[in-house]
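A single chain, nothing else alongside it, follows as structure tokens in the form predicted on its own.
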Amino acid sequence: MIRVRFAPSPTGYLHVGGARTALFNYLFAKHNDGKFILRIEDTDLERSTAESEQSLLNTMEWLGFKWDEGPGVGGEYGPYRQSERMDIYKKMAHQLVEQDKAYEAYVYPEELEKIREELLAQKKSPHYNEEMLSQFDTPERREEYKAKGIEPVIYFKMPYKDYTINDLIKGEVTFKKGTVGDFVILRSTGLPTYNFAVVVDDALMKISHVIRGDDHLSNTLRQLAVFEGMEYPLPEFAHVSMILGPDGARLSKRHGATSVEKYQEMGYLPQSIMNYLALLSWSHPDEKEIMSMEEMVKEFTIERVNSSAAIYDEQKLRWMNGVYIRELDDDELTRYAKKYIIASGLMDETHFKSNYKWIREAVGSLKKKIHQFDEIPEKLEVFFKEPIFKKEWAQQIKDDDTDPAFIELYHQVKSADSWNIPDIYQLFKEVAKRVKVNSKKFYHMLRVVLTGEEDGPELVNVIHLIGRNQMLKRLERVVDMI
């Protein structure tokens, strides 16, 4: 069975690159009726926190991920937090020592640094081996370690040979012999190194495919050696290209938001984020851009993942989010908008609830104008705040020869018996029948007079939502000056 894993460290926010890696693993697993495993790599005890882990899990759930094994779900290959697997790493490391594939090193950091400096002075690569380090393994040093309560570091013996993998995205990749020397797999603190722990976990959790960013390609050589030393079958590897900013540099904060949580905060929909991330290095067979999760699962294959770097286009993500927003019905849209409206101070919880029908129409009128929910409060201000009237507006109306229409509209509104959208349309028909003016200029200046803006929601919605009394008040200022 195909088994893949996403293994983040709970040390901060979920980067969009990490979210894409998770998504590619998820799509690959679901397309092939496999298992998607979530594993928490929290051996960095100084930076890993329970709060960060919970935030990570919340974000993953918000995006729509459902893991088959992992925290909160369990599974037969757990535990799924590395901090709960320390005994396993120690056991496996000492087993390699017993098999003469690894060794204990009783060396202090300053002694290692001295060896390193000597190698560099001889223009040699600073690679360590057992012969170099065995000089420190004396009965006296062992007693010294024991007295101080220090555990020896465990080094893995790196075979002097080439290693080759057939990467499912990058093709054949060969690591030349002598590229690295012996390396630490277990620190004196008892903590495993990344390249050891990840192999132990992948092997014991029976991971069949390792799909990850190609920034991990350099780790693969050490991992291949450990897989071989432990005599576990190799998973298949697929290294996905990096995500770059529009300038070709590695994606960073200077390119805009880089964490999923930030997009969530700005008011992006999870489905639009997942849809956009899927298109970074992968494409639908029919070049479709807007896709549901079900369709992505159906069409996803590793063969269609491009090996070249993906360019992150925040404007395209923004456009895509707008597409998904326009697919929401007005109740869904209002539900999403609520927290932004209340946080802005336009309405409190009580007023929101008591004026739900009105706010629903107001928010719905903005559907074609917004691309993220945090834009809603500013665009709603036209319904809440009366614009400061400018004398030049009256002069422009005179210059456009539309003043008769404004006067007629004022009288029609004043005599109106009801105030609904069909009646408002009828009211404008009466104005058009009685007064012949340039309708484009008339409607343009009417919007300006009513809202203070030259663009915004549909004018009929604005008129209906500000109400008859406000409409009269704002028209009266014009009539008095023309």
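Computed from a predicted structure; not experimentally measured. Heads up: residue numbers just count along the shown sequence, starting at 1.
Keep in mind the form predicted in complex with the RNA is missing from the figure; the text below concerns it.
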Exercise. Out of the stretches listed (283 to 291, 346 to 354, 135 to 143, 333 to 341), which one is close to the RNA in the model of the complex, meaning heavy atoms within 4.5 Å?
Worked result: 283 to 291
For this session: Identify, from the list I311, A203, L224, M266, the residue with a heavy atom within 4.5 Å of the RNA in the model of the complex.
Result: I311
Seminar exercise, completed: Partner-free chain; cross-checking the RNA in the model of the complex, the single residue of I407, L234, M242, A238 with a heavy atom within 4.5 Å is M242
For this session: Check whether K369 has any heavy atom within 4.5 Å of a heavy atom of the RNA in the model of the complex, and answer yes or no.
Result: yes
Exercise. With a 4.5 Å heavy atom cut-off, would you call G149 a contact of the RNA in the model of the complex?
Worked result: no
Problem set entry | K262, heavy atom within 4.5 angstroms of the RNA in the model of the complex | no
Exercise. S188 near the RNA in the model of the complex, any heavy atom under 4.5 Å?
Worked result: yes
Exercise. Going by heavy atoms, what in 298 to 327 lies within 4.5 angstroms of the RNA in the model of the complex?
Worked result: R304, N306, S307, S308, A309, A310, I311, D313, Q315, K316, W319, R326
